[in-house]
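There is one chain below, alone, in structure tokens, taken in the form predicted on its own.
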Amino acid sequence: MNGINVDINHLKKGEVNLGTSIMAVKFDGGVILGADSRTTTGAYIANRVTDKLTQVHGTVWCCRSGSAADTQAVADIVKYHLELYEAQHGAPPTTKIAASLFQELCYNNKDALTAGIICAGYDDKEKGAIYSIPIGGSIHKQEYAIAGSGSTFIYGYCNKNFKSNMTRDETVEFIKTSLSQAIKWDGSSGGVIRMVVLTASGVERLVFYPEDYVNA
């Protein structure tokens, strides 16, 4: 075609992508996960109110970034195995067990998946725990974790303002301010800020609309 060569593999495939801002933070009573709600297909916003916080078992949840299809499939597989674990052992799985499943799936299929996961939860053994499983399938236990395209803009803010053993309200405010800044500067992040609070009391969902966080 007039000497023009097109690299087909380099063209945008139109995959629905969770260009995103996700994070999880430990506090004195458990853990809180937070995420924006924008899902993009290239420059097109496919969904502005996505729920990127996924329950995999009881008080064990995950934040998903990367390919929407890949992360949904991985979360569904982990959820199935955790239900099987509880049936076989007669006790709920710990956050560490859930994170290890995510890590094994992501590592064994690292050439086929685009999946960055933050797995966090509350259990009787570890209390609040956070594990980051970035693309490639490594695993890192952390006091707080951030990921997604918007996280690039808030590493400095989080590093400066994070404190161990914050209260619930301090942690909610920390996550809200962090994600509001990620949304402000990252074109692939936006919508509402969703959070889930995991403690010994169970699960609590929170949602903040743009008018609630725009001046955070």
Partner chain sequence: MSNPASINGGSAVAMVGKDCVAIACDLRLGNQSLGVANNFEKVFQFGHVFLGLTGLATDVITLNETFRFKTNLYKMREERDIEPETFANLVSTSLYEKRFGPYFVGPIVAGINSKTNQPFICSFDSIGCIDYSKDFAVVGTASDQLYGMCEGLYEPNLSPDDLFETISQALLNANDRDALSGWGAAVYIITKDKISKRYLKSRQD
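Residue numbers count along the first chain shown, from 1. Just so it is clear, the model here is predicted, and its values are computed rather than measured.
Keep in mind the form predicted together with its partner chain is missing from the figure; the text below concerns it.
Using the partner position in the predicted bound form, report whether residue 58 sits within 4.5 Å of its partner chain, counting heavy atoms only.
The answer is no: residue 58 has no heavy atom within 4.5 Å of its partner chain.
Is residue 188 a contact residue for its partner chain in the predicted bound form, using a 4.5 Å heavy atom cut-off?
Contact check for residue 188: yes, within 4.5 Å of its partner chain in the predicted bound form.
May I ask you to check whether residue 151 falls inside a 4.5 Å heavy atom distance of its partner chain in the predicted bound form?
It does not: once its partner chain is placed as it appears in the predicted bound form, residue 151 has no heavy atom within 4.5 Å of it.
Check whether residue 184 has any heavy atom within 4.5 Å of a heavy atom of its partner chain in the predicted bound form, and answer yes or no.
Output for residue 184 is yes: heavy atoms within 4.5 Å of its partner chain.
Out of 161 to 169, 176 to 184, 26 to 34, 59 to 67, where are the residues with a heavy atom within 4.5 Å of its partner chain in the predicted bound form?
Checking each option against the 4.5 Å cut-off leaves 176 to 184.
Taking only heavy atoms into account, state which residues of 32 to 55 are within 4.5 Å of its partner chain in the predicted bound form, ordered by sequence.
Contacting residues: 38, 40, 43, 44, 45, 46, 47, 48.
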